[in-house]
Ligand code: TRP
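Just the one chain here, laid out as structure tokens, in the form predicted alone.
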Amino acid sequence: MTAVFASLGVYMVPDFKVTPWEVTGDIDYDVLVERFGTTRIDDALLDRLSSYGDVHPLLKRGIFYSHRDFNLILDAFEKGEGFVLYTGRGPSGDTHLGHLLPWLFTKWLQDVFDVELYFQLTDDEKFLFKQDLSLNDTRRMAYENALDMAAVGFDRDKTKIILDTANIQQLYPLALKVSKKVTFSTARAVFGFDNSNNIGSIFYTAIQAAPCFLASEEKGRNVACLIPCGIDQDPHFRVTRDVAPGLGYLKPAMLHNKMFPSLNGADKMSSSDPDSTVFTTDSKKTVKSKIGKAFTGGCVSAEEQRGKGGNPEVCAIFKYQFYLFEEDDRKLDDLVSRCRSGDILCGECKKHLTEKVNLFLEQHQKRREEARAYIGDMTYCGFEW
């Protein structure tokens, strides 16, 4: 596989493209591990995690599959030094299930380790990189995204939301320190910037780096930081990790997840294709329609599928079950067996998934509305929405 363009931090080949701002095509996650220089989560690390309780299905199934220094985070925790979590969202539209995936996992980490979370809403980033969005647009979207984040159920006493344009007084001093250590040559090599990029986008990584060091500044000592996120966001934090020691901070650690699959069979949901994506605000009727049109591994006719069986490996319906909507491995194995044997047809699988997704969204949407009453209390510096 010959790269069309591969900088230090973005990867583009004929079959797929992965950058912090765009993910397309059939992603080869092994290539990304090699190209980005991350470490696979292995059985030894999973065994170590099992000492804290049941290992999350997203880890057992290899959906969170790569890391940077997660072992050092566990070392710090076991020594009583603790750590903080940091993740976020770039508010360029409505929240979909793919956005929820790392948030649900982050909640599990917060529950298991009882630690604080910084959640960054990068309204500035989306303004800089999306030509059709105003600051009012991204700020409004940040509020809507924050409702979804709160609906996940994070510990309100240990969770702080950072809205970049509102909380810049906390971020800017740290961003300045980072920016002084990052040359344009580095930014260009990592992100592929050229003379057409606006100067705000070139500076932006320094803003995304800042929350990694907030806890250290607040507590007056070095505090380890763990970032669960999609592997597409890794380039920002590679730069952060490079400059951290020179600023006197610990390198942030990372846990990387694969992209949540699309209903059309692609490797990643896309907000630009609403039928391929289930949004958190979708109605039951809309969910039923979207899943009803989803790509499957079935045959042309029911008769043929009963004889030949289906192919769950390429089926969007099965992938939804595998990623988020069936935690019982035995039930998943049974579903695979029945699909391959032709014992179950695509229509039945779609019906079962529709019921699960709609139940999940019904509960999420209820919590989302409840969050309107308290979302301001979770903000970083008392910002009023």
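Quick note: we count residues from 1 along the sequence shown, nothing fancier. Please read these numbers as outputs of a predicted model, since none were measured by experiment.
What comes next is about the form predicted in complex with the named molecule, which does not appear here.
Comparing 190 to 198, 84 to 92, 243 to 251, 300 to 308 against the named molecule in the predicted complex, the single stretch with non-hydrogen atoms within 4.5 angstroms of it is 84 to 92. In the predicted complex, K160 stays away from the named molecule, with no heavy atom inside 4.5 Å. Within this chain, C229 lines the site of the named molecule in the predicted complex, having a heavy atom no more than 4.5 Å away. In the predicted complex, the named molecule lies farther than 4.5 Å from every heavy atom of F127. Although the partner is absent here, F237 is a contact residue: one of its heavy atoms lies within 4.5 angstroms of the named molecule in the predicted complex. None of Q208, N167, T138, T277 but one reaches within 4.5 angstroms of the named molecule in the predicted complex through a heavy atom, and that residue is Q208. A heavy atom within 4.5 Å of the named molecule in the predicted complex is found for one listed residue only; from T281, N264, Q233, T186, this is Q233.
In the predicted complex, the residues of 99 to 123 lying within 4.5 Å of the named molecule by at least one heavy atom are, in order, Q120, T122.
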